[in-house]
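First, one chain by itself in structure tokens, the form predicted on its own.
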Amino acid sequence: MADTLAGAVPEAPDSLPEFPMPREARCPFDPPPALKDLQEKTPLTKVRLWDGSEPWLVTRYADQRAVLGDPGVSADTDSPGYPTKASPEGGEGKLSFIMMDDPEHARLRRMVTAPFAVKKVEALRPAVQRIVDDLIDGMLSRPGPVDLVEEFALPIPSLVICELLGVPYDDHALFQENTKTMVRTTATPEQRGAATREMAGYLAGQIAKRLADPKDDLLSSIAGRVTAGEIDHQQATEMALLLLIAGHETTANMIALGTLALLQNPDQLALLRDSDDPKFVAGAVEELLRYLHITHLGRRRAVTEDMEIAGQVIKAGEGVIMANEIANRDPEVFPDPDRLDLTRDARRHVAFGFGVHQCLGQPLARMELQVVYGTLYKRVPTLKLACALEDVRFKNDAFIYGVHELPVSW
């Protein structure tokens, strides 16, 4: 790999910073200050994880894209040196193809690509608009305050992914509660393992139903791959589990966190509320994705071939973490990066990753966010936070960042 940036000096082993790093309570939308300091002074350095392992931390945008686009790195959690987020005893596990390498990654991913193509997703926009409008009608039909997470942010992507997969929305409490446990860093390995097994058992049952009685949904398509002998029942279950979790948890957090950020930046909220230009709304979504990165524990890889990055040789068998939240605040790419600016062209962000493993569902997430951000503040122009910002509980205890609740009124 070509040397993309110079000036990285590794930390001495006895002074390694621990990762992840704490955010400042008074700046809940910003990356940890220590990450910004590293980006400026030591853009490539070793860090110490929960298990004592010492992977490399990459903080600059260009370096992260270089690593993520390099075939000499592995997303497979079984690769030597892979920096894990949690104990493997019922903890992290392998979430289908996103934690595999090509060619198996590509083979499995292709099986579920079609429903997430831009044209297919755009055909869902009217249905998503109805869901958003119905939920807003429900909120406005009773006095506030309400929890925007439970009443709005979480139901939208849950309803959409349930419809797409063919999972009954009546079962949403089961998968929402188990997902919360699976992504909570403070959950024990036993708790995460139990939640994963319950989810997998539920989805295995749903796939068994589709094997016996196929329907016009994604679960039936996955079940058809089992019938054709392309995957086994366990692989089908893992694939469905990935799509269900990723299809609702990430977008729900982005809806709530984005709304809170806009409420704290009323000038930017006014621009969005007053605009009828779909292109402006789409651009605003990209800026919010850049400004608020919810996958705040970094993209992780294992090096399989020696490579050079920022003037430093990283050897095969070493781990690498891309702190993507700070990459999206790189001043070399995004001037004045700590300012939320909805007029900015932020399309180069790495919120959805980069390279062959970039997010499969990004067209769906973008469309849902465009409908939400383009509708909520027009329908409820007096929307306001119903508590002090310091009383909002942020998800510093989860693999996916966001807020636990968001009390709002109007």
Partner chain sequence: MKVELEADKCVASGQCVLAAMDVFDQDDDGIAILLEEQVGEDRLDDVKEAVAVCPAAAIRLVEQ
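Positions refer to the first chain, counted from 1. What you are looking at is a predicted structure, and each value in this text was computed from that prediction instead of being measured.
Missing here is the form predicted in complex with the partner chain; even so, the following discussion is about that form.
Comment: 111-119 is the region of 334-342, 192-200, 111-119, 226-234 lying near the partner chain in the model of the complex, near meaning a non-hydrogen atom within 4.5 Å. Contact check at 4.5 Å (heavy atoms) against the partner chain in the model of the complex: all three of 65, 356 and 362 pass. Interface residue among 48, 378, 384, 348, judged by heavy atoms within 4.5 Å of the partner chain in the model of the complex: 348.
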